[in-house]
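Below you will find one chain, with nothing else, as structure tokens; this is the form predicted alone, and questions on how it binds or moves follow later.
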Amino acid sequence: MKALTDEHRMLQDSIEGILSSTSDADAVWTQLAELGMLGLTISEADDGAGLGLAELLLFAHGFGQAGVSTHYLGAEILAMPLLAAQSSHPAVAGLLADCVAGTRIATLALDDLAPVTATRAAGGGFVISGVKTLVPSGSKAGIIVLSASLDDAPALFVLDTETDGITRVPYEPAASGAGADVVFDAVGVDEAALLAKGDEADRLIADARARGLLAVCADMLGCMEKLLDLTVDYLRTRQQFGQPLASFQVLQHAAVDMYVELETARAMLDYGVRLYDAPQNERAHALDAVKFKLNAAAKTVGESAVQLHGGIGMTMESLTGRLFARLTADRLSFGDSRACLARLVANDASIALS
């Protein structure tokens, strides 16, 4: 990531301080709320901090380094900026303050195996049916913003997850930040639940996906940085044939390859951040290239870290093993390599991928 300002360093120090004191996701979330570190991109008029994407990614990067899973992706990255963009909407009134205070958790549900549909009810309002998959923090969120097809156009709705007809199927382990499938069985909502429709909904969804992709990439970068540090320390301290592993040239080369992949990934993430405000199509192509490269770097760095650690690197008791598992999940989130490359080829996007 690009050079930090003094303000960013102070924020980074605060993040590291919180994460060094506890790894419990609920405790981290409570501390973030108490320190006013939720609602970073929400305007000060709505009790937020009025900051931007760079600050969001600092947090994502810090969580990746520490290997801590929280509600950050679903709430702070995806849902809250979207709700803030619709802050004048009647359904959003009061929600933002609760989200900033940490008393309610919001999430955004975009993925489904078959499109979730919303139909107009005879007496007014809408009926929503379908299943949303891979909903971040879906097991704990109290507010869900979901995409649906309404009148053959994209639409966004906001619902309380305790609404009749909503069932959650959490993934295991059911930790605080655990995702879930969310089933909507003919859920009736009133007109106020409709946040946006058509081009406006399409824009909000595209912006959210872009933020999510960049946040996952920042998380991956943090993971890779920590894995390289852990690996170099291990090579320096572990003895074999009476000398440290770091003295063997073939292992030095492997560590250098990890470093090169890491620095390339860092440059690609910076490129993606610069393109965040570009026209939607241009941004989408650029971010596919960013995710493609980060996925490749994560594979190299993660697998090399495990191999150089030996058997201990595969255990969940080892931070190396946990970070490798996290990287593997991140590689599938917001576009695996095959999907990213297919879109780039289909659009004849001319950008160096290796």
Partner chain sequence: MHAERVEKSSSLDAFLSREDQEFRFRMRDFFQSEVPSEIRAKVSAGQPLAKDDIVTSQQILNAHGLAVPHWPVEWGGKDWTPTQRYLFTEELQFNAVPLPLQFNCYMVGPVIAAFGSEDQKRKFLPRAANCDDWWCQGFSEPNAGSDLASLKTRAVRDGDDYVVNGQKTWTTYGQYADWIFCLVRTDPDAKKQRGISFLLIDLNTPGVEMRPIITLDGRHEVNEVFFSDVRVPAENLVGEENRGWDYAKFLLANERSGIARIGLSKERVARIRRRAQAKGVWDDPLFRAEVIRLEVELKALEVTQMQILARAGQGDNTPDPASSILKLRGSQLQQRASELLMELEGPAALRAPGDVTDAHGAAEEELAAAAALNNYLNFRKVSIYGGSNEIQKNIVAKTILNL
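Residue numbers count along the first chain shown, from 1. Keep in mind it's a predicted model, so treat the numbers as computed, not measured.
Below, we turn to the form predicted in complex with the partner chain, even though it does not appear here.
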Original post:
Taking Pro170, Lys299 and Gly311 as the candidate spot, are all three within 4.5 angstroms of the partner chain in the predicted bound form by heavy atoms?
Top reply: yes
Original post:
Is Met10 close enough to touch the partner chain in the predicted bound form, meaning at least one heavy atom pair within 4.5 Å?
Top reply: no
Original post:
Does Ala325 reach the partner chain in the predicted bound form, with heavy atoms at most 4.5 Å apart?
Top reply: yes
Original post:
Does the 4.5 Å heavy atom contact test between Leu341 and the partner chain in the predicted bound form come out positive?
Top reply: yes
Original post:
Is there a non-hydrogen atom of Ala97 within 4.5 angstroms of a non-hydrogen atom of the partner chain in the predicted bound form?
Top reply: no
Original post:
Of these, 137-145, 240-248, 280-288, 89-97, which stretch puts a heavy atom within 4.5 angstroms of the partner chain in the predicted bound form?
Top reply: 240-248
Original post:
For 315-348: residues with a non-hydrogen atom within 4.5 angstroms of the partner chain in the predicted bound form?
Top reply: Thr315, Met316, Glu317, Gly321, Arg322, Phe324, Ala325, Thr328, Ala329, Arg331, Leu332, Ser333, Asp336, Arg338, Leu341, Ala342, Val345
